[in-house]
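Given as structure tokens, the chain that follows is alone and in the form predicted on its own.
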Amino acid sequence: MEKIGKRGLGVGLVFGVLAIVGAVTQPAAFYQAYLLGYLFWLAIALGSLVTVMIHHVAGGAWLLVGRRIMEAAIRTLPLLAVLFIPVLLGMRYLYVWSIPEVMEADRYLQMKEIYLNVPFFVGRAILYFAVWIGLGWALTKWSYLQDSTKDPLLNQRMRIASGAGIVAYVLTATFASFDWMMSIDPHWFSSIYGPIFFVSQGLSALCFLLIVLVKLARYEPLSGAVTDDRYHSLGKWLFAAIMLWAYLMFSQFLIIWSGNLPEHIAWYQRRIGSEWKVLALLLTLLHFFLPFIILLSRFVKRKAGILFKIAIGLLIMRYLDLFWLIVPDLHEGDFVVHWLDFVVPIALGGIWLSVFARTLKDRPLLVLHDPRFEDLLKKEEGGRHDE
């Protein structure tokens, strides 16, 4: 973890210098790339938050060996709150409704001005991060406290907080998706956009968890705890997340296609015309069909090496999906790829990974005194003894 943290910081600084050069010389391309990279890394942290809350509410053993990894990702949310500042600085390049001249000339946008205005946008962002950071801080604090106090009542506290937290997350993540992504085209709207946003975050977090877990499973203490059954459980969750993402994406398309309203279909026309149709087809095949078919096999879901490759491929697809969702609206449907679209996300990723690695290094990799896990391990040990 220390090595990863140092390398991540080094990569972040080197690519950060290139990103700064791009910001000075080509600000429009920089802010587009920044939003893409920012939302990609934010998805892992927020997806980890909601996954941990689901685990506290639902229980089970599926996050037995991965909770500490996700908690370290959750602890990066204060950093991500600071990294949101450049998005605010570049609003004129990302959101046409933030330009007074455009707002004055568009009667339709004037009807939305009560919601789409800069002060309210900034205030909502502060609220979102306050909720996310507050939930993450409380849950991780109680989880770490359990290691030293062995207090079984902390489980009940985390379960109650997670139940309310899931509701708060769904609401804040939905409105954040409206603000940060859907409002790039303020004339278009979809009620399914929010669920697509937070399901995608859960999928990104599961992919990241599997990548880190497979790497760390070669070392103690995880080498003795990460079994084929653990991979099988996480593989099933990954399979379910892929199916849910595909279902929501297809549902949105089907509803808009059947409605056939000009103000709605223009959004899809920009994304399935010219070169964009190639990316749409690629997402269909590699983000859904291929991993869906592969993960149908129980054998595959129990193999770390295969899951590792699938997770890497899906994370790449997650970035391309964000590219497909955001960029067409910024260029009126033209297919535009800029070198900053690769440099800026890598710079942000290096900085984020350095903080993540440092946070994970300072805590035990396994939950020490969660009674649910202790009971489970006793049952498993008893089962192996009987065999």
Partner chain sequence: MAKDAKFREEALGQVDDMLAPGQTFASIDRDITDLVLTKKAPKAWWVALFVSGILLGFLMLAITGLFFYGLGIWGINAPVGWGIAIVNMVWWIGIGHAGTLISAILFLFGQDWRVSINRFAEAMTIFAVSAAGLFPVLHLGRPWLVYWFFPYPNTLGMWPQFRSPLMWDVFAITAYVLTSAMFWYLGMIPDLAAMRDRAKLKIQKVLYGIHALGWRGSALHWHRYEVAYTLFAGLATPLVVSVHSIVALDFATSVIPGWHTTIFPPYFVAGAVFSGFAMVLTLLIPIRRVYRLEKFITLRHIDNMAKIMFANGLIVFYGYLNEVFFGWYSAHEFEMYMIWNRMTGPYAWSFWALIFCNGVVPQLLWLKRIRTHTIALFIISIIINIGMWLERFVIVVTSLHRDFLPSSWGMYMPTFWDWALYLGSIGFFAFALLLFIRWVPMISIFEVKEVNHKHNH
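Numbering follows the first chain given and starts at 1. As the structure is a prediction and not an experimental result, all values here were calculated from the model.
Beyond the structure shown, there is the form predicted together with its partner chain, which is absent from this document and is the topic of what follows.
Visitor: What I'd like checked is whether Trp137, Pro221 and Ser223 together line its partner chain in the predicted complex, meaning each has a non-hydrogen atom within 4.5 Å of it.
Guide: Judged in the predicted complex, none of Trp137, Pro221 and Ser223 sits within 4.5 Å of its partner chain.
Visitor: Using a 4.5 Å heavy atom cut-off, state whether Leu145 contacts its partner chain in the predicted complex.
Guide: No, Leu145 is distant from the partner.
Visitor: Please tell me whether any heavy atom belonging to Arg372 falls inside 4.5 Å of a heavy atom of its partner chain, as the geometry stands in the predicted complex.
Guide: Arg372: yes, in contact with its partner chain in the predicted complex.
Visitor: Are any of the heavy atoms in Gly259 no more than 4.5 Å from a heavy atom of its partner chain in the predicted complex?
Guide: Gly259 belongs to the contact set for its partner chain.
Visitor: Applying a 4.5 Å heavy atom distance criterion, does Ser183 contact its partner chain in the predicted complex?
Guide: Within the cut-off, so yes.
Visitor: Heavy atoms within 4.5 Å of its partner chain in the predicted complex: which stretch in 137-145, 111-119, 73-81, 202-210 meets that?
Guide: Within 4.5 Å of the partner lies stretch 111-119.
Visitor: Which one of Lys303, Lys236, Lys309, Lys277 is close to its partner chain in the predicted complex, taking close to mean a heavy atom within 4.5 Å?
Guide: Of Lys303, Lys236, Lys309, Lys277, the residue with a heavy atom within 4.5 Å of its partner chain in the predicted complex is Lys236.
Visitor: Note which of Ala105, Ile293, Val167, Leu281 lies within 4.5 Å of its partner chain in the predicted complex, where distance is taken over heavy atoms; exactly one does.
Guide: Answer to the contact question: Val167.
Visitor: Within 4.5 Å of its partner chain in the predicted complex, which residues of 169-191 have a heavy atom? Give them in sequence order, or say none.
Guide: In sequence order, Val170, Leu171, Thr174, Phe175, Phe178, Met182, Ser183, Pro186, Trp188, Phe189, Ser190, Ser191 come within 4.5 Å of the partner.
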